[in-house]
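One chain is shown next in structure tokens, namely the form predicted alone.
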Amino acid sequence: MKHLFTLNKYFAKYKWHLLLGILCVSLSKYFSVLVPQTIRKALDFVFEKVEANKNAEVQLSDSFLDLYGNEIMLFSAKLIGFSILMGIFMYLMRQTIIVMSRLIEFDLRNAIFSKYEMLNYQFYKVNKTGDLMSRITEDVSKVRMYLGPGLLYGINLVSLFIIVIFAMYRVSPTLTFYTLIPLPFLSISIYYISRIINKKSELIQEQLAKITTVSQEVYSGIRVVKSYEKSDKFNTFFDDQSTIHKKKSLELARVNALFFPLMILLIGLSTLLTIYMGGVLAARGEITPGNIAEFVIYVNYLTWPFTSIGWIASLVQQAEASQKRINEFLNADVEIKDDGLESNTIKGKIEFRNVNFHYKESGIKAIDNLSFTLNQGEKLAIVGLTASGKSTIAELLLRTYDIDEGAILIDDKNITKHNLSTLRRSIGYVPQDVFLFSDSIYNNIGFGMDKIDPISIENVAKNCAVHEDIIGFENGYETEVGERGVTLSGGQKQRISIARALIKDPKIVILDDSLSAVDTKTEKKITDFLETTLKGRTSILITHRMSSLTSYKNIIVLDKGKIIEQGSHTELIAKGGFYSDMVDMQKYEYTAL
């Protein structure tokens, strides 16, 4: 249970729920034990009076109830009272321990979600979305079952065992010994079978994560799946993965199916031993007939708790397997650290000094000894072939990754010395892979704002040439865009993404190939607006379209993370190098079309 020990901090947080729960369980079991004792006293009373009447040679008749009816009614009243008190405390124990488990479940999910947000982008490249979702849903639910029902019935078992064994021992140590003979065998079987349950539970959770991943990827890429007519293939693949999950689940079920009858058999053996040895001891006069009934009820009391040992063991082992998976992510290193730096105003000067960077997950060196300076308010265009390192520069400026060597300076201060939240709020970033949330267009544009101003949203939408498209929808700005903006065209998503970046009035603007899906006329309208709105802001344009760079005085051309050419559009054309060849190639392609 070493991985479950990490939950101890939550037990400390909700200690009063736990302590009151233990108290309520103990009181419930205490009153439950008084029930068989009362029944024993009632039976002994009846046997005693019957025997007394026989010795006195008094004929038994209906007058027995007249003589002893009040005493019998008193026993009945005690039984009802003890049962009511037992029920009240059973209700309270659920209101404390089960409520505590729900509160810890809430905290644990929030802790996982917060950790997910803290982890860097590389983590999400290595781990699949389905696996992340499985750990925050299915695995947390498994842990909750341990914290709630598992813990509740575990405390119930321990409390009942202590109270019942004590009550039994007071009556007859000999009969107690024979009654409990099967229990060590029960404990041994639990030990061995719980180890099997743990291994099988871990395999089941891993397979469930694979199924979740497959489902998530198919749902997210449904248009690609349908366009390539691969529905049948994915159905077959999903069926294969589900079959594996079914087989593993059935294997676990078979273990439990063998385990529970074994426990019931051992508990039944205790009952037989109780009746047999109780009869022997009663014949010797060491115990009364009422004690035999009392012990039989005690054995019945122990039947469910000891039968539930296997179930509790299964819950604990499944929770252990799930918490192990959760801890793998909770203990993952947060590489991009803020260190609580004070917020400061960012003006916009950018400098790369001999920067080197490689992606750890692939080992590819994306930036190789890169150096350039961009003063506040200046524009920079970055061009190059695919995988030349253009988008990596944007991600390094946002600190989604930290560099290997060299230094990135913002306003002449190392980027790691800036408050991370302030840095990212000061940058308006439009990524190459546009992402919109499954929300309204209005909320997507205002995503980066603490307070949303309808007039500002409408104005920025007009300037980004998307306002007419939006009001053309039936619900206008309240139109739901669907998951990842699936209901919009590529150009509409790009323009909404640009509006989202610009509305927060950033000091630095990074546009990563953000006009690739718009037509030439719309591109001209947006670039004219950008010429105006980007004045005074430091801006970086990453693009493949050379036609939009004629006004740029500072253009760098990248190849394999290195600057191979740098200058204005006119200067680079005059050089007749790589940039000039790219411009000629695009002119030729445009003419051919």
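Each residue number is its position in the shown sequence, starting from 1. Just so you know, these numbers come straight off a predicted model, no measurement behind them.
This next part talks about the form predicted in complex with a small molecule, which is not shown.
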Query raised in the report: With a 4.5 Å heavy atom cut-off, would you call residue 388 a contact of the small molecule in the predicted complex?
Result: yes
Query - Interface membership of residue 392, the small molecule in the predicted complex, 4.5 Å heavy atom rule - result: yes
Query raised in the report: So, in the predicted complex, is residue 402 in contact with the small molecule at a 4.5 angstroms heavy atom limit?
Result: no
Requested in this report: Check whether residue 247 has any heavy atom within 4.5 Å of a heavy atom of the small molecule in the predicted complex, and answer yes or no.
Outcome: no
Query raised in the report: Out of 276, 359, 113, 219, which one falls within 4.5 Å of the small molecule in the predicted complex, going by heavy atoms?
Result: 359
Report summary line: Only hit among 126, 471, 364, 258 for heavy atom within 4.5 Å of the small molecule in the predicted complex is 364
Query - Candidate stretches 84 to 92, 162 to 170, 236 to 244, 379 to 387, one within 4.5 Å of the small molecule in the predicted complex by heavy atom - result: 379 to 387
